[in-house]
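Just one chain follows, in the form predicted alone, and it is written as structure tokens.
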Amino acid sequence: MPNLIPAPASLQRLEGDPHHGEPPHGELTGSGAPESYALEVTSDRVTLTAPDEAGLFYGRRTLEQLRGPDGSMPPVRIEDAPRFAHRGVMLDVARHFFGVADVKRFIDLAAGYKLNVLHLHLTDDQGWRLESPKWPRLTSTGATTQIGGGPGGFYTRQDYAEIVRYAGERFMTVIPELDVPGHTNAALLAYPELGPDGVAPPPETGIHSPGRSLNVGDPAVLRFLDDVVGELAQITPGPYIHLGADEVEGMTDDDYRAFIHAAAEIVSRHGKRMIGWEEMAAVELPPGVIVQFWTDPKLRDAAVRQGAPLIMSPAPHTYLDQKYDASTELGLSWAGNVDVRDAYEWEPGDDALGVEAALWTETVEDFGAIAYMTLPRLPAVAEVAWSARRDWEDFKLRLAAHGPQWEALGLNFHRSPQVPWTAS
């Protein structure tokens, strides 16, 4: 298979045989950018060198894509390095719950395209999906349903640790998200005293948010947040915790600003750095927080003016939950149809911290649906994150050659008419 993200140049050292056995493990070198690698395939040798283990991992992914059905590989010389340090994909496990095995399959899919961040959206109105020893009803009560009224589910701390371990072996950092202070219907169902009226709401099994928020003026809410963030920080080796902070209703600007500053202090006290969605940029931002842009250019620009680093997730290009076209059975369309070329032809800007695709799961109920909404758009976003030099006409041919590979793996994917799937 051809490499989806090439940046050809030159290199030197030769080792390994391209026609027999497994690809070479490669050799670590003391120079080069983080995650970069150098690769050469000749008629009788394969070279793979990199400055770190991640670079060797990505070089081996390229070798796997280069290897033909008969095990042979074409001559090639590549020197490759990522454009952005943050190359991510978000999986929403709150609207519909997905077990550890499905999350691992998703990690394998993302890591194969050199993504290095898995953002797990763990809580929302429809469910709280991570066990909390100090607040056990979050899962015993708040995780028992999902969109459509299914049984829901949650991860034990051991489950979450296994996801983190599995992702780490593939050089992916897990960024967990607890969405607060809005999108908290499941938390308020479990602990109604955290809400403004102390009354438990009905379970939310629809796709829309009922608009309930935590009572951020109550000191007990900050103690709750300190507990759940602290528990999460203990089992999250990565440097970030995402606290959502989006689409908050029923709260004054002053209360929202005070909550954002208190939340950032809590995250920092537990040794992590806070990320939140773009809505945070409407108020004065605490130092060090990272803003994830998704829809409003005014909020994006407000974040930039305040010096906040940006993760770029513009919905018309990176939201994998949007329909490919009007005939797509799954997905929503509030951001417009997002086909492969839309996911490929956009510019995040040199000042961004990185790029992240997002798969919200209002209409996604199983792994077959995950694969269908992810492929072939995720490789397009991955190339935006990896390479500054892009060519749609070249990319669509390289992408087409991955169709047989996905079929062989039993992956359901959308045969976009923008891609010549019969190409060899």
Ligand code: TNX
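Throughout, we count residues from 1 along the sequence that is shown. Everything quoted here is computed from the prediction, not taken from an experiment.
Omitted here: the form predicted together with this ligand. The next part is about that form.
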Review point. Hey, of 267 to 275, 165 to 173, 239 to 247, 282 to 290, which bit sits against this ligand in the predicted bound form at 4.5 Å between non-hydrogen atoms?
Key: 239 to 247
Point to revise | Contact assignment for this ligand in the predicted bound form, among Glu204, Asp321, Asp339, Glu131, heavy atom within 4.5 Å | key: Asp321
Point to revise | Among the candidates Leu332, Val100, Leu222, Leu353, the residue which, in the predicted bound form, approaches this ligand to within 4.5 Å (heavy atoms) | key: Leu332
Practice item. May I ask you to state whether Trp360 is within 4.5 Å of this ligand in the predicted bound form, using heavy atom distances? Key: yes
Check your understanding: Hey, in the predicted bound form, does Arg95 get a heavy atom within 4.5 angstroms of this ligand?
Key -> yes
Exercise for review: Decide whether His183 counts as a contact residue for this ligand in the predicted bound form under a heavy atom distance cut-off of 4.5 Å.
Suggested key: yes
Check your understanding: Closest heavy atom of Trp294 to this ligand in the predicted bound form, within 4.5 Å or not?
Key -> yes
